[in-house]
Every structure is written in structure tokens, then in C-alpha cells.
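Encoded as C-alpha cells, the following chain is the form predicted on its own, with no partner shown.
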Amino acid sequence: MRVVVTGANGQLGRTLRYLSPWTEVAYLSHADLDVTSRVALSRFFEQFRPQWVVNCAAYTAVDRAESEVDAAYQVNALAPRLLAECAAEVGAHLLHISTDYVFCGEGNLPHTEQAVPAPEGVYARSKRAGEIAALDAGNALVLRTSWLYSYYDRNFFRTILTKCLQQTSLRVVYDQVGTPTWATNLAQAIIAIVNKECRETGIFHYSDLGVCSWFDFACYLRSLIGATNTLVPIRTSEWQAAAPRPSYSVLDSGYTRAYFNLSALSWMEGAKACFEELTHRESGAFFQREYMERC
């Protein structure tokens, strides 16, 4: 099966590359292919003739998006439309990754695929626009996920572990509730969906199981390494971020799991497995670098 993975240098793209599920696959970063250029996409797809396109490319700087509106819409809204249309030209199917941020956070029940989106902020609105654009082409499956983290750098998981190892006192938001999702679990779900070749269209949800706040997540990560630094729960209003965040964005992924026969882990099981992966793959280098050398 010939597969294209865009956003290959992001944490999800890198996870897919590490798992190496397909023999004929092109992992493409922005430097390799401009996903906002119809000419570049059409030329590459015509040459490679993919059967599936997995779009992991995204503008994810939530706060910066408030001042970089055009950049956010180019990557999050225009690119999905072009990817879907150019994929259709060669008979390929698009699996587009979206986000729980399309919900504003009202209510206290997990959001199903039928829940009405109400995005707030440039990032959220641009991601919702990308969903609509991809679906309009008629050959796209939109897979929403939530609070993605991984072994790779620059995410909440790695940041909190580093700060805890350094015994840094942290202020962490407690009134935003969702489900942390390990990128490996999401990647395995993507692989399973693509390998089934059922070419479904529409919106599906996938996240790990359970519910927590960012503060809960941080406390659990601290417990994994046995740190004793202080974690202080704060309200979102005290963080003073530029962009709004949904207060409740738990996704109901029961339908997707049943439909595609996907396995499930709790968010705590996922975090523990990711922590074990980090310690195994870095053979202690992370802890030596982030803790021992700073003491």
C-alpha cells in the first residue's frame, strides 16, 4: 500500500515513522512538500500515486495563532482542502487529524461525533474550517483527538517531566478537563484504519480513556518519577493565555473504537507506557541531562 504522511517532523508523524507500518510510504515535512501549494501537491501525487494520505501537518501554536491568523488558516484550513482534492484526483483517500478544540467546552458529557462544534479562537476555528474543507471533497475521514503527547520533545509530557526532575515549583491549570492521548496509541489507530482500506468518510473520535485536568496529568507524571516538587493548581484565568481553551473537551470515542475494532488504554496507562518508552529509548540520557547535570 502506498501511503503519504504529511507533517512528518511533528510528534505524530515521527511516531508513525518510528512504527514503520507501511513498506511504500513517503514521510513528508514542510521542507519536502508545501501542503498549501496545489501545484506542488498535484505534481507529487501524480508521481507517487498514493492510495492513502495521512495529514498530520498542522499549525498548533494556539496562542500565536491569535496574531498569525493567515498562517494558521493556510495550514489548518487550506491545506486539508488541497490535500483532499489532490488525493481525489489520483483515487486516494485522506485521513485528516483534527482536535477536541473544535468544542468550546460547555457541558459535562463526552462529545460524540454528532455534537455541534463551537470553536473559540483562531486555532480552533481554523481547525474546524479544515474539517469542513476536507469533508467537502467527499474522500476524507476526519479523526479528532485530544491532548496529544509523546516521547518526542516540546509537549506537556516532556516539559512536566523535565521541570519535576529539576524540582521546579509549577503552576498548572486545574479547570480544563480532557483526555491525554499518547501519540503511539493514536498512531496505531491510524494504522489500523488505513490497513482496513474501508475508505469511510465523515468524522470520528479517538483518544485514550478517562478524564483528568492538566493539573491531574502533571501530578501523575510527577508520581512516575518520584519527584517532590510543588505543583500549584490555578484557574485558567490566572494563566492569562492569548487564546481561549475549552474547559471541557472530553471526546466520546466509543463509536470509533467499535466500528474499527480498536483497542483502548486509559490515559494513565498511556502515560506510564510513554514514560517507560522514554527511559528505554534514551537509556538514562534524558535523566542525566535534565536532572543530574543540573544538580
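Start at 1 with the first residue shown and count on from there. These numbers come from a predicted model, not from an experiment.
Another form exists, predicted in complex with a small molecule; not displayed. Remarks below refer to it.
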Practice task
Considering the small molecule in the model of the complex, find the one stretch among 240-248, 49-57, 262-270, 225-233 with heavy atoms no farther than 4.5 Å from it.
Solution key: 49-57
Handout entry: 4.5 Å heavy atom contact, residue 160 to the small molecule in the model of the complex
Key = no
Practice task
Using the partner position in the model of the complex, report whether residue 75 sits within 4.5 Å of the small molecule, counting heavy atoms only.
Solution key: yes
Exercise for the section: Consider residue 34 of the chain shown here, and say whether it contacts the small molecule in the model of the complex, taking contact as heavy atoms within 4.5 Å. Expected result: yes
Handout entry: Contact label in the model of the complex: residue 147 to the small molecule, heavy atom within 4.5 Å
Key = yes
Exercise for the section: Look at the candidate spot formed by 10, 30 and 100 and say whether the small molecule comes within 4.5 Å of a heavy atom in all three of them in the model of the complex. Expected result: yes
